[in-house]
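Read on for two forms of one protein chain; each stands alone as structure tokens, with the labels structure 1 and structure 2.
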Structure 1
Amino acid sequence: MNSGDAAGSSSGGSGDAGAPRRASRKPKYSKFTQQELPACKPILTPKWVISVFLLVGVIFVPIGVASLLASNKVVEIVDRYDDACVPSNVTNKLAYIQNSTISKTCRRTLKVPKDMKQPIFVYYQLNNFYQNHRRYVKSRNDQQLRDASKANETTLCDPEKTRDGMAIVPCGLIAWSTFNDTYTFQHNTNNLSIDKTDISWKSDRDHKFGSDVFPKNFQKGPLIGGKTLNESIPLSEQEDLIVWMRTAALPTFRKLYGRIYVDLKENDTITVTLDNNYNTYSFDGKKSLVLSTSTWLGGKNDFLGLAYLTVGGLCFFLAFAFTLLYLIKPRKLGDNNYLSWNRNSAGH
């Protein structure tokens, strides 16, 4: 009996020794995997929290004040003209704007509210135009815009892909609907020239629109969507098109039309002659002409200053509230008496 047990244990031992060892899934030890690296663990004492709130308030409030002052220095003239430039006897505005035989020339008079230092930026503003619509945004082909050898590449350009079996360059709804109202300005019987160079992003001109790509078969259909393009000028130099094809995120947006390098004085009168060509009447849109100066912060924008002031003021309020709470009802840091099981110890 003993000899059998010994033999069994001997054979069993030899069997275990020959079996493959099971691979361990335990990760290799390191301070990183075991979260033992030195770490900063600040203790949020009342004095520390109050100091942080005060510091944020001291920084944010002056920035907010400076931003608001800069925004208030911007002088803007905004003139909505889509309704004013339609004759009073016209009842069907859509039929009027689509009739190419009717002259759409319109004159507007603008009064300068304050002195405007050059450069004066000329924008057109559209309301209720959703350039961020998914189908609209996708209706373009970037390869075609960059490379002349890809002129027949019209993927994703529906419904403006081809005309009479030939590819449209540039194809897609975005290019087809390029803004085509035009403006000329007169100041004290003198014509104001509009500089339309460098109104688009340089990166767009250099990398997104090819210098060897020329418009072809564009706006040849029965329904004209917007501006026609000069077929002898490459797309990289068609800056109105480049500006338009950088789509806006919101339904109300402004796009740069040009710059005026003339100083205007308060109460000066500007006569604007415009061609009201662009159709906003089919979707209840609005069109406005905007003249604006700029500051170190850019154009007029009160939101940034108000946001900084709001956050800074809130931080000052919280710092004041925590200071009062700390003075009126001080609390020892790490006091175990405030633990729930210590507070209710009498009930156990």
Structure 2
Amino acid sequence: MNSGDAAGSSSGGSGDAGAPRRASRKPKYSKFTQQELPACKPILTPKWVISVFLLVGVIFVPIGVASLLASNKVVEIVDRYDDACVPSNVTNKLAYIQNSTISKTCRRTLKVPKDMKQPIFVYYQLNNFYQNHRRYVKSRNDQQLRDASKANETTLCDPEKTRDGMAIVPCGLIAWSTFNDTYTFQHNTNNLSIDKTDISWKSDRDHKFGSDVFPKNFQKGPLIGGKTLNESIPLSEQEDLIVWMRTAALPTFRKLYGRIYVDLKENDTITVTLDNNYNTYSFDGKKSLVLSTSTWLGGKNDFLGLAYLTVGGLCFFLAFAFTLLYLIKPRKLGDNNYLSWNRNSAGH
């Protein structure tokens, strides 16, 4: 009986083992696939909203005040001369400026409004000059500017590519239209020297304009667009060209002409002798000469300070408004009456 029982149980046992075990189709558990990763769930309570607005206000208002103070410290002299430097008896300004036989020298007198500490930056400012026009921005060949062996690369430089079958170096409209007004300064009858070195980006001088590339065949055509270049100076030392070829982003822009390392006192007189060569008359452009000091923020611009003050003030106002709302009409967090099925008692 024991053996019978044993046989029975063993057969039962083997019967159990014989039926196929259902393999579990359940996917392996992981926190990522079950979307149970530890999480933080921030909720916009009135305390948080008011605190964040106050914090933003407290940070922005001092920055705005500091920026405005810095901008007010900058002393700037802006003198527009393109209309004043054309003699009054000239009716056709375009013909006047294109006539290379007439002398275009002009004298301007500037008065220093406040004490200016050196270094004083001298800029020329152009208005309504679209250096950011698509065809203009493309009209250059960087390989040719960098490498003397690639002098014949003139793709994209139309229409200033070749002259008499030979490639123009540097080719393109940007180089062709380089600004060519010159300025000399006198301070209270003493000559003021202007430092024209290091006015371009150092990376441009080292890597973009080759020290073995010389201008060739440049401004030899019937239409002269701007400055003619000295063919014995390599491109990496032609700083006016390098400054001009860094195309400006907006239609009103300034470009660095040089620096003055002399302090100027209030009510000093600066006499500028300038050559009014550059043609801005055919497109209603304006030319101005700018002398400016600079601070940690740069030149004279109130906008950033005003923008920070506006946003800071708005944040304070909103914090105040939300505090009032919270005190007058508070709403309990987790109030069940706002659930959709509790709100419309008439509907479902």
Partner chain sequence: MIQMADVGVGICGQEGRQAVMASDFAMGQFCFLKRLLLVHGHWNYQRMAYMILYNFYRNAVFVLMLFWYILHTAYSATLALTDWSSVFYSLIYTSVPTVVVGILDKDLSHNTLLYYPRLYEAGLRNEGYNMTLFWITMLDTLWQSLVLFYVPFFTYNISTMDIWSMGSLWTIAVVILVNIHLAMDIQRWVLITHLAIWGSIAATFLCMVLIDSIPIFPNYG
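Since the structure is predicted, the reported quantities are computational estimates derived from the model, not experimental observations. Numbers given to residues start at 1 and step along the sequence of structure 1. If you superpose the two forms and keep the largest set of C-alpha atoms that fall within 1.5 Å, you have the rigid core.
The form predicted on its own appears here as structure 1; structure 2 is the other form of the chain. Once the rigid core is matched between structure 1 and structure 2, the CA atom of Pro38 is found 3.2 Å away.
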